[in-house]
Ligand code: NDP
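Only one chain is shown below, in structure tokens, and it's the form predicted on its own.
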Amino acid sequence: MATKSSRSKSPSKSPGTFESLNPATGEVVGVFPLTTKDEVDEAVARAKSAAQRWANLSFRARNIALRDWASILTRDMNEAAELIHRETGKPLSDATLEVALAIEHIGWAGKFAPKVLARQSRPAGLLMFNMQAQVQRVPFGVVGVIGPWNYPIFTPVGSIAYALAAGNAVVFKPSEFTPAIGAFLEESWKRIAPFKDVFTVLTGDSKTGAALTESAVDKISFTGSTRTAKKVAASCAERMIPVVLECGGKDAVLVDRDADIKKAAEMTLWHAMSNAGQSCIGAERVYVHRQVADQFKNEIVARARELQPGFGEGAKYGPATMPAQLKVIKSHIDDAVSKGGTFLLGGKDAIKGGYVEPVILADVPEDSLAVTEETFGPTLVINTVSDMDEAVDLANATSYGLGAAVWSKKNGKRIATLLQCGMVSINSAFSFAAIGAVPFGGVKDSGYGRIHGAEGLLEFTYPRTVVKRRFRIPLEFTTFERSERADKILVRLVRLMHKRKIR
């Protein structure tokens, strides 16, 4: 798929290719094809042929393939992490964690698909007591997956593995910023694939992604910005193709007065600053109870002072993978300060080259860009509230609804139930992303549909109802030959089952 990359000598770029660059060093990680629309259509056509063979395999056979894939990725974990490290600039430790979580999801999807997607018998009811009713889960066929650059293996695998386990073929278009890890995934799959074209990777730019949404795929799973997600949804709507949209967030952290403040500060800092803040489920807003606000601020600022961005040993997070995001980060910082926010850490000069030093702001007005729009950088807004009811109201006052975190020893579950989002961590951060059994996704501008868990497996199938007559009865309701006696019995049965005295 890709031209082989090398640290010492990079392959040359041609008009039909593009380079993947290390954002920290400028090194060429590899040179990859710009897949054309015709090539996309050809790949999808091949996947269509493979999809039926793959769907006809037993759950056990598909699980064996996924299990073996997970085994190969486990063996080559260091190589995969190194590629992610070089393509995104994130620390090698974080890249390794990402690969590990992706492997966990591959294993979970293959193992639990038989249970989640098994055929189900359903009661036919008294009116149709002579019928046998069954619901089958049917794979769509070919699922097109468009992945992001911030978590270039973990996030797309949440669609790829679950779609494959459900019996679909997959065509994956990785981000143009991280094509090498996408190509790595395809090569590793080929080593255990029972036949060709079940999982295909197509590298390219936004035109390649658009071509995939316009191709003959049967479903699209997209991760990216809300703005692009709307374009993807509109494109798919032209052909009535269903979509899964995992978009941005403006996740809030709510810190109650009974929280473990040291632990809340420690994990909220990681929640906000890890991966240089480039996480859709990253913490961007904190609402802390006034009784513990000063303690929390002091604790998190003290910890944040120790953070060092960089690419080498000891760096806690890397550069902005996508350079254009630096302008967004700067505009949010400037807007927050111009509207009355104050720096607890950092300043307007926090952006240095491709890196952003930690920025923590306090008392930022709720109409500031730093509060209303996704920043996607190592910045954090901390605002003080009088109680958790106010915190909930402010947390919900956003167009996004992806994730959230609640810190409270006694009230965590109650607060969590009031939040308008798809996922909540209580006294932890990011924990839901690492659990294979639970769904991942958001509401409002954060998208719709789910990956991970049983819901993620169901997402890549559609229900087919099959009803069969077990035996004949004298009364037939669904015929033009229906008798007057049948009508009377029908009315009598309905009254018997459903008529009640209403006060």
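Just so it is clear, the model here is predicted, and its values are computed rather than measured. Note that residue numbering follows the sequence shown and begins at 1.
Absent from the display: the form predicted in complex with the ligand. The rest refers to it.
A.B. asks: Want to guess which of 429-437, 174-182, 301-309, 103-111 is within 4.5 Å of the ligand in the model of the complex, heavy atoms only?
C.D. replies: Contact-bearing stretch, as computed: 174-182.
A.B. asks: Is it true that T88, E98 and F154 each have at least one non-hydrogen atom within 4.5 Å of the ligand in the model of the complex?
C.D. replies: The answer is no: none of the three residues contacts the partner (heavy atom, 4.5 Å cut-off).
A.B. asks: Pick from S408, N275, T213, N168: which has a non-hydrogen atom within 4.5 Å of the ligand in the model of the complex?
C.D. replies: Among S408, N275, T213, N168, a heavy atom within 4.5 Å of the ligand in the model of the complex occurs only for T213.
A.B. asks: Here the chain is shown alone; which of I146, V356, A404, V371 has a heavy atom within 4.5 Å of the ligand in the model of the complex?
C.D. replies: Of I146, V356, A404, V371, the residue with a heavy atom within 4.5 Å of the ligand in the model of the complex is I146.
A.B. asks: Is S93 one of the residues lying within 4.5 Å of the ligand in the model of the complex, judged by heavy atom distances?
C.D. replies: Close contact is absent here: in the model of the complex, S93 is far from the ligand, nothing within 4.5 Å, heavy atoms only.
A.B. asks: Please run the contact check for R257 against the ligand in the model of the complex: heavy atoms, 4.5 angstroms, yes or no?
C.D. replies: No, R257 is distant from the partner.
A.B. asks: Going by a heavy atom distance of 4.5 Å, is T398 a contact of the ligand in the model of the complex?
C.D. replies: No, T398 sits far enough from the ligand in the model of the complex that none of its heavy atoms falls within 4.5 Å.
A.B. asks: Report yes if any heavy atom of K231 sits within 4.5 Å of a heavy atom of the ligand in the model of the complex; otherwise report no.
C.D. replies: Residue-level check for K231: yes, a contact with the ligand.
A.B. asks: Quick one: which residues from 408-429 get a non-hydrogen atom within 4.5 Å of the ligand in the model of the complex?
C.D. replies: Contacting residues: none.
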